[in-house]
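Only one chain comes next, encoded as C-alpha cells, the form predicted alone.
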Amino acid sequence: MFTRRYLPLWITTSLLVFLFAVGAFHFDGFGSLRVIINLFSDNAFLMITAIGMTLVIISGGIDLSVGSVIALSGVAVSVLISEYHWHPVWAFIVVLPLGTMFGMLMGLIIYNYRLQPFIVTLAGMFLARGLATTLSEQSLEIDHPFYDFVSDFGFQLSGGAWLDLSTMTFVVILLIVIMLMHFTSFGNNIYAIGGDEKSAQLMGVPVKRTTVTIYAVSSLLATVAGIIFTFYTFSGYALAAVGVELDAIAAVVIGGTLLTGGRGFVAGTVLGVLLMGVIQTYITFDGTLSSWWTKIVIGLLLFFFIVLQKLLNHTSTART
C-alpha cells in the first residue's frame, strides 16, 4: 500500500481529509455526520457513473456517452410513467436492459472495427442525447406514489443525518464492482487489456467479450444513475446531466487511475467524487465565492494529477 503505484491514491485521500478538516475548522456544522452523508446522497448518481467510467479507463478506453445515457434513461422512464401510465418498476425493467444494450453496441463497434473509443462514444453521446430530445423536448414531471415512497424511504442517523435509498444503492454497486475488479477473472482481464491488449490476447484473455462487457457495464451504471437522478428531480429532461461525463472522468483521474489504462482504483474514484463534493460544500458554506470556483479548483487538481501520472510513468520507464 505504500508503493509508488498507490501514491496518487494517498495524495487524493490526504487532500480530502485536509480540505474537510479546513472546512470543519472554519464553519460550524461542516464536520457533522449530516454533511458527510449528504456528500454521498447528493453525489450518488455521479459516483455510480464514475465507477463505470473507471472500468472503461482502466481498460484503456473512454466513454463520453454516459451523461447522455443518464438523460435518455430519465426521459424514457418519465415518458413511460407520465404518458403511458406504467408503474415505475416496469419502466425500470424495460429501460435498464436497453441502456445495457446501448453500451454493448458501442463495445462491439469499438472492437470489431478497431475504432477509437473516443469517436464511437462521442457518436453515442450525440445519438443518446438526440433520442432523448426526440422523446420529449420538455421536462416531464413524474407524479407517482412509488416515487413519493422511495424519496421518503431511508434511515434516520444521529445529528439529523438521513441515509436515503440512493446512497444505499451506491454502496451496494460499489461493493459489487470492487469484488469484480479484485476477486474475479473479469477484473484481471480489464487490467490486462489496459496494460497491453496484444499481450493480453496472447495470454488467452477474451478481449472481445471483455471489451463489450466493459462498455455494457458502463452504460448500465449510467442508466441506473439516470433512474436515480429522476428521484432527485421527479422529472426527466433531455438536457439533464450535460457535462457529467467530464465530471466522471475528472473524478477517475483525481482518484488515481491512469488515463493510459492498466492501473486504477474504484475506491479512488469514489474519493475523487467526494473531494469534488467537499470543494463544492466549502464554497456553499462560505457563501461569498462563485460556484465556478469549484470548476477552477477541479481543473487545477486535474493538471496536478496528470503531471503526477506523467512523472510516475517516466520514472518507471527510466528504471526499466
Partner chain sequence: MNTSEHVLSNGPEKPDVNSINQSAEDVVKTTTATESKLSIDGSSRYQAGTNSNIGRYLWPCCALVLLLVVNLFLDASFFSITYQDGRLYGSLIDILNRSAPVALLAIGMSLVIATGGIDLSVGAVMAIAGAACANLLLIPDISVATVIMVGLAVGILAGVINGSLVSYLGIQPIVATLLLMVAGRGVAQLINQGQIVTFQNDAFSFIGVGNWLGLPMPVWLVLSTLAVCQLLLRRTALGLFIESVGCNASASRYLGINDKSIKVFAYSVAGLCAGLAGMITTADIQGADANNAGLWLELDAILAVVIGGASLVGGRFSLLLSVIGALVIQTLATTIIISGLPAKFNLLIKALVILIVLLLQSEKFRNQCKQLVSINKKREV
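Since this is a predicted model, take the numbers as computed values, not measurements. Positions refer to the first chain, counted from 1.
Keep in mind that the form predicted in complex with the partner chain is not shown, yet the notes after this line are about it.
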Does Phe303 reach the partner chain in the predicted complex if we count a contact as any heavy atom within 4.5 Å? yes
Indicate whether Ile296 is a 4.5 Å heavy atom neighbour of the partner chain in the predicted complex. yes
Considering only heavy atoms, tell me if Thr233 and the partner chain come within 4.5 Å of each other in the predicted complex. no
Since only the chain is shown here, I'm wondering whether Gly159 would be in contact with the partner chain in the predicted complex (any heavy atom pair within 4.5 Å). no
Which residue, Val171, Val94, Val79, Leu127, is the contact with the partner chain in the predicted complex, using a 4.5 Å heavy atom cutoff? Leu127
Looking at Val150, Met101, Val242, Leu163, which has any heavy atom no more than 4.5 Å from the partner chain in the predicted complex? Val242
Thinking of the partner chain in the predicted complex, which stretch from 150-158, 220-228, 244-252, 85-93 has heavy atoms inside 4.5 Å of it? 244-252
Check each residue of 128-153 against the partner chain in the predicted complex and list those with a heavy atom within 4.5 Å, in sequence order. Arg129, Gly130, Leu131, Thr133, Thr134, Glu137
